[in-house]
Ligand SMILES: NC(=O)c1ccc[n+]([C@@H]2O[C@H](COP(=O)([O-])OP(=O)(O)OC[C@H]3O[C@@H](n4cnc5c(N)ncnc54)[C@H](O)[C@@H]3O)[C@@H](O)[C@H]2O)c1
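Let's start with one chain on its own, the form predicted on its own, as structure tokens.
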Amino acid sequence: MRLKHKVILVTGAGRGLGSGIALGLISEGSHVIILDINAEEMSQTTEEINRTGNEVMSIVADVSNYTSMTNAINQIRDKWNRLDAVICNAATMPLIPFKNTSPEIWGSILGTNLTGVYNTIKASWQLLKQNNGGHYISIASRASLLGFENEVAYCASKHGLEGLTKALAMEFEQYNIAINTMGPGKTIKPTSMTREQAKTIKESQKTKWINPVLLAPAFTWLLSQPPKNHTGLRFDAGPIVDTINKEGYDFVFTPEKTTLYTHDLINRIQQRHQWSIHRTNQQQITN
């Protein structure tokens, strides 16, 4: 029960990774709010959680719409008057070559994957701040650091998310709010595949996908850390879960144990160290 009594919002929790994260976090004692634009799929996540003997708060909302997200956060404020962590999982990933990427498609993908994260954080960060801080974790992928054909808009949104994370970590540290990204680090069901579509897939294919509930311990680990420990960094759930299974939750941190992209993580740690020195020097000059 490492997250006992924590209030945690998971967006895009109607299926896939979001659903698995919600199930995992609620088993650790947290109060979970699931949010999705698809009410039918979200009701299935609710049923899965209820079958474990737990209760969950469900909110239908569109992350790409700021008003929709402020209304959702107001519902959380009315019920709990606190929010300790947010998992920004909602995303869309249609595979479309650039020649077929219309302005409308471009706007839709970035509207969900990047602006949707901005809207979620913008609508909720004051609630975290008033309760002495907390965590934001957005979902990364290989497209956060690499480029792929037919993923021009998706790669742009995921690269942009890393920039948002790096910059916002600098501003939020003073409020004891951590912001990170976390890739699956294992093969999961495609983001765009609905629950109904997944039912038609052959079992031989399904066996290649990890049950997303098994990745939830990585999120539990990061949410259990003091916010200032790792803010601004990108992790991968798969290696973290493998490490937890070998060494337990209180493992000695090294980049190799927490990501598939150790060079990127080492560079970010070094950059953060340099930034911390600069901030300390600036504070000394001001004082």
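Each residue number is its position in the shown sequence, starting from 1. Since we're looking at a predicted model, the values are computed, not measured.
Keep in mind that the form predicted together with the ligand is not shown, yet the notes after this line are about it.
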(message) Considering non-hydrogen atoms and a 4.5 Å limit, which listed residue (S64, T231, T259, T243) is close to the ligand in the predicted bound form?
(response) S64
(request) Could you spot which one of S124, S141, N180, T115 gets a heavy atom to within 4.5 Å of the ligand in the predicted bound form? (result) S141
(request) Would you check whether the ligand, in the predicted bound form, lies within 4.5 angstroms of a non-hydrogen atom from each of L3, G24 and V86? (result) no
(message) Given a 4.5 Å cut-off on heavy atoms, tell me which of 36-44, 222-230, 49-57, 247-255 is the interface stretch with the ligand in the predicted bound form.
(response) 36-44
(message) With the partner left out here, check for me: in the predicted bound form, does some heavy atom of V152 sit within 4.5 Å of the ligand?
(response) no
(request) Decide whether A90 counts as a contact residue for the ligand in the predicted bound form under a heavy atom distance cut-off of 4.5 Å. (result) yes
(request) Decide whether G133 counts as a contact residue for the ligand in the predicted bound form under a heavy atom distance cut-off of 4.5 Å. (result) no
(request) Check whether P190 has any heavy atom within 4.5 Å of a heavy atom of the ligand in the predicted bound form, and answer yes or no. (result) yes
(message) Within 4.5 Å of the ligand in the predicted bound form, counting any non-hydrogen atom, which residues from 1-38 show up?
(response) G12, G14, R15, G16, L17, G18, L35, D36, I37, N38
